[in-house]
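Next up: just one chain, as structure tokens, the form predicted on its own.
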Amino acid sequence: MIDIWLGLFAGTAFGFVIQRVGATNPQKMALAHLMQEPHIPQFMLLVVIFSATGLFFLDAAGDAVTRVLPISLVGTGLGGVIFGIGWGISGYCPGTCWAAVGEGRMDAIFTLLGGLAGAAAFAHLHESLIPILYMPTNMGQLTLADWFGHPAAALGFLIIFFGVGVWLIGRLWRQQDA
């Protein structure tokens, strides 16, 4: 039961943070996609850095529970395209959609309902889609830790790579505003 309360608290806190960043505003999301609003993409990259760092230390303490799913080029690629189309049409990703509903945005309610309907359809068709979309290009479980040989090296690479991304977004996207 404590896991549920901890998850509810973490989700609420994250929703508060993404609301404060402006990620619940579809207009700001559209500007971010047009490379005219740098704060949201910078925030996203920083979230990945902080999450990976937290997961690294939880794993080192023996408290992390992770499940690495195999990568499928077609399944992941098609899912990414569908995700991007939905994000472009609605102005919300699945995380920001929930926070926008909490903020009282009516358009986010319809986005949330559409996302739930899509998830239900995928769950219903999952067993049929696996052999068609997933298995032909299944590459197995790939992780940065496997590539670098040690989780600390992978975390260091991720922090540097995404940190450079945060810096570049700030430099290049702000130059377009001037």
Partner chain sequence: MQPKKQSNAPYWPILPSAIALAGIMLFIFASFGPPASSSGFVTTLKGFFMQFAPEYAAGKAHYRMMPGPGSWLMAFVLGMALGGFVGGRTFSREIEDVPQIWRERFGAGRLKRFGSAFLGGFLILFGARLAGGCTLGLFLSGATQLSLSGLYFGAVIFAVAMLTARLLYKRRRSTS
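Keep in mind the model is a prediction, meaning the values are calculated, not measured. Positions refer to the first chain, counted from 1.
Just so you know, the form predicted together with the partner chain exists too; it's not on screen, but the next bit is about it.
Visitor: With the partner left out of view, is residue 168 within 4.5 angstroms of the partner chain in the predicted complex by any non-hydrogen atom?
Guide: No, residue 168 sits far enough from the partner chain in the predicted complex that none of its heavy atoms falls within 4.5 Å.
Visitor: Taking 4.5 angstroms as the cut-off for heavy atoms, does residue 60 touch the partner chain in the predicted complex?
Guide: No, residue 60 is distant from the partner.
Visitor: Residue 164 near the partner chain in the predicted complex, any heavy atom under 4.5 Å?
Guide: Looking in the predicted complex, residue contacts with the partner chain do not include residue 164, since no heavy atom lies within 4.5 Å.
Visitor: Does any part of residue 54 reach within 4.5 Å of the partner chain in the predicted complex? Heavy atoms only, please.
Guide: Residue 54: yes, in contact with the partner chain in the predicted complex.
Visitor: Select from 140-157 the residues with a non-hydrogen atom within 4.5 Å of the partner chain in the predicted complex and write them out in sequence order.
Guide: Counting only heavy atoms within 4.5 Å of the partner chain in the predicted complex, the contacting residues of 140-157 are 142, 143, 144, 147, 151, 154, 155.
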